[in-house]
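We begin with a single chain expressed as structure tokens, specifically the form predicted on its own.
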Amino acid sequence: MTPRMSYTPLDLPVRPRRLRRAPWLRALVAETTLRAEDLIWPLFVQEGEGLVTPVDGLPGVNRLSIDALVDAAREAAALGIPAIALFPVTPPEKKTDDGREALNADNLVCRAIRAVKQAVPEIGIVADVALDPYTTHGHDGVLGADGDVANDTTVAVLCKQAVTLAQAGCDIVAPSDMMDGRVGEIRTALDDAGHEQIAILSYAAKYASAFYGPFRAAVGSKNNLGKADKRTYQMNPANRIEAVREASLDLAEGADMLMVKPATLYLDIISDVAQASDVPVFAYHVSGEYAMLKAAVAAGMLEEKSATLETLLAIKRAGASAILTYAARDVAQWLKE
């Protein structure tokens, strides 16, 4: 690291405010910038046609049928948002203990990927790799005899799911399950299936957070959680050093990008992982964080535009290259104004 310049100041007044006196000057010397190109828009897809169903607890967020999803993808592309992240709302009758619907090449998310790619080929698609949308118990993997998620059994299924999503046409697979060793196995499975160009965005530091509730309600897994505990595979919010270790393991296994989730409560983790790795680090501004902002705005405690932009700017300042946020469309529109 280049040493800092040291100097003895002259006997003159120090005037840092000189660089803050006008909007153009503040913009010129800004150390961090937020652009529409830094955003990924998470979208929920549901069965049906012509459906836009509001999600309780997430104002401005909807479950979309595939035709409405295509419209949203077109809007994202027009606003300069480079990618969307898809999360399926699997019908209850298609959920099983082993989550086998995740491997169906004609399942909801695969049909959605194909439809978006046909209509809006320029938009990037991030596909979630985890079993919680497909299991009756709401966990991210297959349960073992002890009621906990069986790591290696789950990884074998996740590899097949990743290949299924790649074959449907996604650009990035994002394993969000937090199983040990899954990144390397998924990389091998993708390469063996001829999908060497599909990137892996690993949820390297996904914490067992209290701020996922609205998301689980949106995908229909909140009320399905069984006797297993997500704290046996998601990280302890008390731990900081562990995040760098997890990131290092995923890098060694071939991750192309790393994710920290949540974001605003974990700015120190974003900073640590960004400084320790040589690949892009993304952050997920999760449903509970988004919902808190919306609630404060609704109560008249915050001004929405300035508070949201400041929040996302702080996430970037911490070291995030890109941000997944439900506010992506609004933010992109504000940035164009």
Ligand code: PBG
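For clarity, every value in this text was computed on a predicted model and none was experimentally measured. Start at 1 with the first residue shown and count on from there.
From this point on, the text means the form predicted together with the ligand, which you will not see here.
- Query: Which of these stretches, 48 to 56, 22 to 30, 304 to 312, 286 to 294, has heavy atoms within 4.5 Å of the ligand in the predicted bound form?
  - Reply: Contact criterion met by 286 to 294 only.
- Query: Contact between residue 266 and the ligand in the predicted bound form at 4.5 Å, heavy atoms?
  - Reply: No.
- Message: Does any part of residue 183 reach within 4.5 Å of the ligand in the predicted bound form? Heavy atoms only, please.
- Response: No - in the predicted bound form, heavy atoms of residue 183 and the ligand never come within 4.5 Å of each other.
- Look up in the predicted bound form whether residue 134 has a non-hydrogen atom within 4.5 angstroms of the ligand, and give yes or no. Outside the cut-off, so no.
- the ligand contact at residue 107 in the predicted bound form, heavy atom, 4.5 Å: The answer is no: residue 107 has no heavy atom within 4.5 Å of the ligand.
- Task: Check, residue by residue, if 127, 167 and 195 all come within 4.5 Å of the ligand in the predicted bound form, counting heavy atoms only.
- Result: Result no, not one residue of the spot touches the ligand.
- Partner contacts in the predicted bound form for 230 to 269 (non-hydrogen atom within 4.5 angstroms of the ligand): The stretch 230 to 269, when checked against the ligand in the predicted bound form, contributes 230, 234, 261 at the 4.5 Å heavy-atom cut-off.
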